[in-house]
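Okay, so here's just one chain, in structure tokens, the form predicted on its own.
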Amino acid sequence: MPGRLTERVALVTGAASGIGWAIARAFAREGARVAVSDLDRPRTEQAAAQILADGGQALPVVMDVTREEEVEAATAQVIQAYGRLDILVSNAGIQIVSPLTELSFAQWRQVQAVHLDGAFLTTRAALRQMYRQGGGTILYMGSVHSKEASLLKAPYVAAKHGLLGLARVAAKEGAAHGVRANVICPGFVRTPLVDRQIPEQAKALGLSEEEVVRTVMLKETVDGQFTTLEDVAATAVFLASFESNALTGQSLIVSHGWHLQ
């Protein structure tokens, strides 16, 4: 039985680990040909090789999403290999935990560059191909922090809010060309990015690591549970395979009840 994404071509950034890796594997299981993109060549090649070993189709693509020339070259590599580009998942991200008064301008710009500049550059490159072929889907990895604010995360919260605006413009401009754009907004997922935050927040807030998890990260969930990689990957498959404009320009929260709307 064909998968929901059979023969579609997907480019997933930040795909060598964490949420990006979970999405890349889920897409491959659903029949997509997946361009696995990340900064680190060995890890990127290893991730693509694992998908191939599991019977999927994958291409390793090394790319720094903050560098225009690398984004253009990597997107061209995917199109040359597969002939089209149907799905972009703009997932690459970083996190810096710091009070505003101690946050350097360089740190602020670094977070914005990865999340927003990277999303813009990959979106632009993808849209040009999607317009030529008559359609496609863009998924941005937002966060509950696209809707909420948290202490010590000013650049991350600002960037994740910004992705909502970019997605809405991409949805409006892309509609005439058959392109949809949506934002996935997970709660806390136990990825290396989150694992690094736990001791950082514990130190900054004067709490134990257990208290950070219980009273900061999971306090507003309905069940005290982390969002899982599988939760987010299933949402990505659903949105990538959704065929109509009924779901475009939207942000879907995947958070065990944190921020109900």
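The numbering used is simple: start at 1 and walk along the sequence shown. This one's a predicted model, so the numbers in the text were calculated from it and none came from an experiment.
This next part talks about the form predicted together with a small molecule, which is not shown.
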> Is the small molecule in the predicted complex near all of 85, 136 and 239, within 4.5 Å of a heavy atom of each?
Replying inline: no
> Pick from 45, 64, 220, 200: which residue has any heavy atom within 4.5 angstroms of the small molecule in the predicted complex?
Replying inline: 64
>> Give me the residue from 97, 79, 114, 171 that has a heavy atom within 4.5 Å of the small molecule in the predicted complex.
In response: 114
> in the predicted complex, which of 128 to 136, 175 to 183, 99 to 107, 114 to 122 comes within 4.5 Å of the small molecule (heavy atoms)?
Replying inline: 114 to 122
>> Check residue 193 for me: does it contact the small molecule in the predicted complex (non-hydrogen atoms, 4.5 angstroms)?
In response: yes
> Taking the shortest heavy atom distance, is residue 253 within 4.5 Å of the small molecule in the predicted complex?
Replying inline: no
>> Against the small molecule in the predicted complex, would residue 189 count as a contact residue? Criterion: heavy atoms within 4.5 Å.
In response: yes
>> Even though the partner isn't displayed, in the predicted complex is residue 9 close enough to the small molecule, meaning a heavy atom within 4.5 Å?
In response: no
